[in-house]
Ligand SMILES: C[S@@+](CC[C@H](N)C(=O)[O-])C[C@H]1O[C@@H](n2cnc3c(N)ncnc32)[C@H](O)[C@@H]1O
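Next up: a single chain in C-alpha cells, the form predicted on its own.
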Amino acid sequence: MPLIIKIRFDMEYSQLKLANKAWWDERSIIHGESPFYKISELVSGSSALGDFEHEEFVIGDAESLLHLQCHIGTDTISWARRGVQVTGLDFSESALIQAQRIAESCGVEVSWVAADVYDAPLVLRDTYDIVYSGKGALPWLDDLDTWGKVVSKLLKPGGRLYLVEFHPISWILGDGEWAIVHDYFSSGQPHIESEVQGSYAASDAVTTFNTTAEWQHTLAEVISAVAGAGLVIEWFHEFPFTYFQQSPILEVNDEGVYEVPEQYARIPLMYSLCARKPFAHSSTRVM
C-alpha cells in the first residue's frame, strides 16, 4: 500500500510550523554551547543516551539507524558509537550545523539530512534497520497517524522502531504544587506559548523568536499510531524518572535523574516502546 502523507492547506498550521522552526533555529545555536547537553563529556567519550536505553535495546545485526528529529545530534552521535551506520534528520539546518560540528569534535561520522519529518520518505528514498525517536520529539508533531505511516515507510521489513519519550502523564502536573492541573485528554488543538525567553537548556538566554506550538498526545494515541501503521509492538516500558525537570515538583536524585519526591506516590515520567515492521507474507495459490 502506498504511503499517504496529508497535505496541509491550513494557514494557521503553516504559521505555527514556521514559528517552531524559527524557535529551533535560534535555540540550536544556544544549545550547541549549553552545559545542558554535556557536549564536552560527549567529546570525551560519554554517551548522551540513558543507561536504560543501552540496556533494553539491543542493536544485534542491524546495520543502519535513522534518528528522526535529531536536533543537535548528541543522541545520534551516541548511536553511531554503538557500531551502526547512522543518519540524523531534522527540519532545522541550524541544528544540523551544530550537529556536524559536534560530530567532528567527537571523531564520529554521521549523515545529516535537513527535512521535515513528514517528508522524510520522499527526501531520503531509503529504508533502515532501526528508526529511533528520542526524548521530547513527539509533542512537536500535530499528526501522529501520519508520523506512524512515515516510520513504517522508512523501516526495512523486519526493522524496528525504538521510541523513547517523556510520559504524557508527566505533562499534566502543576508548576507550583503537587497537583493535576492540565487536561490529559487533548482536543488536538495546539498549545501555544509566546514571549517566553530562553529555553529548557538555557533559561537566561536572550532570544528573539519566542512563540511555539506543541501538541499533547495521550499514550493511547501514540500506541494506536504505531499499531495503525502496521507495526507490531514487541514491548512497552514505563519509568518513574526523567532526565528533564518537567515540573518544579520533581527532585534530582544522586544519579542525576529527576523523580517524584518520596512523600508522594510515584507516577510514570518516561516510557519506551519497541515495534517491528513485519515481513511481507507471500500468498500461495492452491490449484
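We number the residues from 1 along the sequence you see. Quantities reported herein were computed from a predicted structural model and do not represent experimental measurements.
Omitted here: the form predicted together with the ligand. The next part is about that form.
Would Thr74, Gly136 and Trp140 all count as contacting the ligand in the model of the complex, using a 4.5 Å heavy atom cut-off? Every listed residue reaches the ligand in the model of the complex, so yes.
Would you mind picking the one in Asp116, Glu109, Asp175, Asp126 that has a heavy atom within 4.5 Å of the ligand in the model of the complex? By the 4.5 Å heavy-atom cutoff, the listed residue in contact is Asp116.
Per-stretch contact check against the ligand in the model of the complex, the hit in 39-47, 257-265, 66-74, 223-231 (non-hydrogen atom, 4.5 angstroms): Correct option: 66-74.
In the model of the complex, is there a heavy atom of the ligand that lies within 4.5 Å of any heavy atom of Phe91, even though the partner is absent here? Residue-level check for Phe91: yes, a contact with the ligand.
Verify the contact flag for Tyr200: yes if a non-hydrogen atom of it lies within 4.5 Å of a non-hydrogen atom of the ligand in the model of the complex, no if not. Looking in the model of the complex, residue contacts with the ligand include Tyr200, since a heavy atom lies within 4.5 Å.
Could you tell me if Trp24 has a non-hydrogen atom within 4.5 Å of the ligand in the model of the complex? Although the ligand is absent here, Trp24 would touch it in the model of the complex, with heavy atoms inside 4.5 Å.
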